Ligand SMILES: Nc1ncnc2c1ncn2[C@@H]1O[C@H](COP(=O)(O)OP(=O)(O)O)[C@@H](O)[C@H]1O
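One chain comes next, on its own, written as structure tokens: the form predicted alone.
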């Protein structure tokens, strides 16, 4: 593959229109183990580049998901997590204590609302950014224990294409890739998709364009990414919507809450409502595999290949 060709296409390429998803809410069909225990459906919010709005997206999806069923946010940006900020909570424990062996799975869960919980990541803890296989396995075991207690799990992913980041994404039932109209963000979104497809060939990621000035701009961004993926990867992420540039998002972040909670009538909030509906519909069409079980399988597989 010629990387320069891909970058040029992201800047100037054109392609046919991309089908859009319909609105609608649907509960997922839960997977059940041998004892008939249902496990949570999971979505990983990811991007190739930092600053695209993953945490804002996750917080708003969590607000909508938790209105349908009990939900858990996993902050997987292990070194510099900030998902807790948009929930207005200050967790005393996080994945740091779990990895260190000083706290169990339920001891690191923080209550955000009656139907929404969160597990925070470390903040400024450099060793969390590069976990060992043993440490990842410990996290996978904890998630597997917890996933029977929730209907939905949302992973607020770290940016980039590290093995740790892609492992979380590949383990989720649905991957939602967030990009912006910036060429660097589009290029990095393509890089992430390339690695994700390699790690999980059957993945069917969804694409959202954030901070667009208008729908035509968002559509153009989606077309460029779709064309490059089709040409060099023979795969096509599915564009499901866009979120406009909106000062209400900044105001909600400063208020330590999601924009759909802070200003539900704002243009960005209405767009996020639509995206949440599409993702819930997507989860409703799938049989949940269990994030922890899938994560554990991938960690073990990676360990054997190492």
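This one's a predicted model, so the numbers in the text were calculated from it and none came from an experiment. Residue numbers count along the first chain shown, from 1.
Keep in mind that the form predicted in complex with the named molecule is not shown, yet the notes after this line are about it.
Among 249, 43, 280, 61, the residue placing a heavy atom within 4.5 Å of the named molecule in the model of the complex is 249. Distance criterion of 4.5 Å from any heavy atom to the named molecule in the model of the complex singles out 253 from the list 253, 38, 68, 266. The shortest heavy atom separation between residue 211 and the named molecule in the model of the complex is within 4.5 Å. The named molecule in the model of the complex comes within 4.5 Å of no heavy atom belonging to residue 241. The named molecule in the model of the complex comes within 4.5 Å of no heavy atom belonging to residue 258. When the named molecule is considered in the model of the complex, residue 237 lies well away from it, no heavy atom lying within 4.5 Å. Shown here without the named molecule, the chain has no residue in 272 to 298 lying with a heavy atom within 4.5 Å of that partner in the model of the complex.
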